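Just one chain follows, in the form predicted on its own, and it is written as structure tokens.
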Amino acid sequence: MEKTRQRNNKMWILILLPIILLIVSLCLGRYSVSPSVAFSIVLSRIFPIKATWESIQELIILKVRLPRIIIASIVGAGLSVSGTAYQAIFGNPLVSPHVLGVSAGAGFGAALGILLSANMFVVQMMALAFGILAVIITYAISKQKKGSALFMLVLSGVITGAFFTALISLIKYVADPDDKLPEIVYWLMGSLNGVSTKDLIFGIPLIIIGIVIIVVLRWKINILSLSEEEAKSLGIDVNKYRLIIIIVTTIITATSVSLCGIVGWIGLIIPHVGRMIVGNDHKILIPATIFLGAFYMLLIDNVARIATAAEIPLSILTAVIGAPFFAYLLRKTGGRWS
């Protein structure tokens, strides 16, 4: 009973953290807005509140900050929950949603779209399409020879990722160094600077649907985290559910990359932070990582946009934090579950 109460208290704290940071984030930026004004502007979209604020404040809150905050929260939650699911089905605490080449494929699609001077919607669609294509190629390669299914899948993902990374380098090589190359490089490093309300309509529903599916399957993920023989002895179709999770996480990751570029480490470190707080039971861990991921991505984005005059790319900040944490995990676990 005491453990259940403590776990529930932890979950309430995890739920409140991103909500509080979301409210704070509305007020942070080059143009400061008081919490009462920011909150009133948002509520005015729902309730008939008389406007006592300037039009520029409403524009900044509703058109610039709110879409960015929502996308940051959903992308962080999506990448985190995908990483948790991947670490379970692969039985390895050191894998992330990018292991099957989806990020490299999506990055190539976006880089190609920028090189061809496509508009942002086309760039996002190309990123999504090539991200999904990369995982299809990975899955096709893994089925060519008999062997450990998970080992072949990871090895195929490394091959596919390396191939699309080489294609990204080729795109950079032929891109105009004064125009296209800086845009491609900046996009690949990850940023939420250019997101808008249109991105909410395009990408967020896909990520939310993916998160909901993983939440529904979290009991199955508990079983999939066991050895293949144990999972099959419990009457679960391992291959079917593993494929479903791979498809769902691929869509989540590819959509996230299409919205804000390649943001690494979130899907790796947040699941471990979640385990430190609530334990290994995916019935609790999956919801916990959703709120932790949303909080972490919001925190990183706030630092990115207010730390310096020029916005810092997200992947730089996540790597600065993620790389030392990864080294700690590697030293502690040796690549295995602790």
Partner chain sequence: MKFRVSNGTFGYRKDSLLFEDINLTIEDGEILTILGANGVGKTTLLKCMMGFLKWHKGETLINEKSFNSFKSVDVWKRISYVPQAKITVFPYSVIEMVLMGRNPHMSFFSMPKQEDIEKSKSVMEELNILKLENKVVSELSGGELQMVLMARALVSEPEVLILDEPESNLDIKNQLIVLDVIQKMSKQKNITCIINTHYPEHALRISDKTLIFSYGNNYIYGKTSEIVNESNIKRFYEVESKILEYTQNKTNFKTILPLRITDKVV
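What you are looking at is a predicted structure, and each value in this text was computed from that prediction instead of being measured. Residue numbers count along the first chain shown, from 1.
What comes next is about the form predicted together with its partner chain, which does not appear here.
Candidate stretches 172-180, 119-127, 103-111, 224-232 - the one whose heavy atoms come within 4.5 Å of its partner chain in the predicted complex = Selected stretch: 224-232.
In the predicted complex, do 65, 191 and 195 all put a heavy atom within 4.5 Å of its partner chain? No, because 65, 191 and 195 lack any heavy atom that approaches its partner chain to within 4.5 Å in the predicted complex.
So which of 135, 88, 262, 99 gets a non-hydrogen atom within 4.5 Å of its partner chain in the predicted complex? Here the answer is residue option 88.
Interface residue in the predicted complex among 154, 184, 251, 217, criterion: non-hydrogen atom within 4.5 angstroms of its partner chain: For this set of options, the contacting one is 217.
Q: Would you check, heavy atoms only and a 4.5 Å threshold, whether residue 93 touches its partner chain in the predicted complex?
A: Judged by the heavy-atom cut-off of 4.5 Å, residue 93 is in contact with its partner chain in the predicted complex.
Test of understanding: in the predicted complex, would residue 283 fall inside 4.5 Å of its partner chain by heavy atoms?
Yes, contact at 4.5 Å.
Taking heavy atoms and a 4.5 Å cut-off, does residue 275 contact its partner chain in the predicted complex?
Because a heavy atom of residue 275 falls inside 4.5 Å of its partner chain in the predicted complex, the answer is yes.
Is residue 149 close enough to touch its partner chain in the predicted complex, meaning at least one heavy atom pair within 4.5 Å?
Taking the distances in the predicted complex, the answer for residue 149 is no, it never comes within 4.5 Å of its partner chain.
Can you name the residues of 163-191 that have a non-hydrogen atom within 4.5 angstroms of its partner chain in the predicted complex?
The stretch 163-191, when checked against its partner chain in the predicted complex, contributes no residue at the 4.5 Å heavy-atom cut-off.
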